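Next up: just one chain, as structure tokens, the form predicted on its own.
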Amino acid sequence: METGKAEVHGAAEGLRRQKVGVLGAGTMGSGIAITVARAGHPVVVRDLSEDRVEGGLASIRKFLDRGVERGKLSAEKRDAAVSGLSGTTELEALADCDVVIEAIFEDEALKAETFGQLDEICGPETLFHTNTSTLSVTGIASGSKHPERVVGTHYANPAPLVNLVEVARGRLTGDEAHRRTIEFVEGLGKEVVLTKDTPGFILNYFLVPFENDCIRALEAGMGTVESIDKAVTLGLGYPMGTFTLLDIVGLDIHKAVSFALYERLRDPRFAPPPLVDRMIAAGHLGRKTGKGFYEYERAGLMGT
């Protein structure tokens, strides 16, 4: 849920192609899959239903097509990324992956259980990455028989556009898994920030309460959506307005992240304001539904 400089990345020279599994075909999972595929790695996206898998793959292809249209990606790189992309509903399809990146619902027990299942499917050298930024990497890793290979990799959102990944090691993460993870992430063209296994890591610890403050300011009539975004970009120097970013992330995701952090930190600034619930009830989740704080001509991943 963070902003940053938009770039088009390529795989770092000399690093081998690795098969990567991505768990979750939603906004975050699809964004990570785009990032990995664009760097030259074959990617298999797994979700619970065929509809969700196909929807995620369609969003990924559409985003890559738009990159070509806008001159930010060559047609050759787009074709290579798409040719290495596949989808599945079966965990077993990830058996030969070198890296599995989990981007499923923010539920520690569910994530831990998933890694326990992957223990029985993947080889002993497979790296397990969790994209959580609100839950304990150590707690998630407790579901695995090999917690030493579980590493936190929080991709700043939107993942294909922001040049940053937070890497957090759990209490039992091994040195080799940590080293290989940093090498893999840097090979995607990303900058790595090392952080402790604490709620929110660095980015969301600061960003989520700020986003909620902006929503409260809107509720209080301190400014409009447009004027608050302009103040944030021109006055504070942020590359993207708060409401623009929230529309990309999705109000449903923002609510889930906010509550998860509030439950752990008990700071009222992390609790989402009432307007968030009203927008969710109206189906105004952001870009993916065509309307959030702004209205969009088309619904889809990051405006695709």
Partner chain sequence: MSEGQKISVLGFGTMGAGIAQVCAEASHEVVVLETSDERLEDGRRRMESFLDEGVRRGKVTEGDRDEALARVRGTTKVGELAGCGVVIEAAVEDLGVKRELLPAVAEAVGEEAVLATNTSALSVTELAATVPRPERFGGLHFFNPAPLMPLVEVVAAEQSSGETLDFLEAFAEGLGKQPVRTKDRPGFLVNRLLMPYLNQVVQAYDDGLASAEDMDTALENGLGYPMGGLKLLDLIGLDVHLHATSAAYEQTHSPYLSPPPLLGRMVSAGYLGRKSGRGFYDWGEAS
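Model, not experiment: these values are computed from the prediction. If you superpose the two forms and keep the largest set of C-alpha atoms that fall within 1.5 Å, you have the rigid core. Positions refer to the first chain, counted from 1.
What comes next is about the form predicted in complex with its partner chain, which does not appear here.
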query	finding
Answer range among 116-124, 136-144, 221-229, 99-107 for contact with its partner chain, defined in the predicted complex as heavy atoms within 4.5 Å	221-229
L85, L91, I202, A177 - the one with a heavy atom within 4.5 Å of its partner chain in the predicted complex	I202
Option touching its partner chain, based on a heavy atom within 4.5 Å in the predicted complex, out of A159, C214, L188, A81	C214
Partner contact for A75 in the predicted complex: its partner chain, 4.5 angstroms, heavy atom	no
Partner contact for R278 in the predicted complex: its partner chain, 4.5 angstroms, heavy atom	no
R269: touches its partner chain in the predicted complex, heavy atom cutoff 4.5 angstroms	yes
Non-hydrogen atom contact V192 with its partner chain in the predicted complex at 4.5 angstroms	yes
Partner contacts in the predicted complex for 159-178 (non-hydrogen atom within 4.5 angstroms of its partner chain)	V162, N163, L164
Large Cα shift (2 Å or above) at M28 between the shown form and the other one, core-fitted	no
Threshold 2 Å Cα movement between the shown form and the other one for R216, core superposed	yes
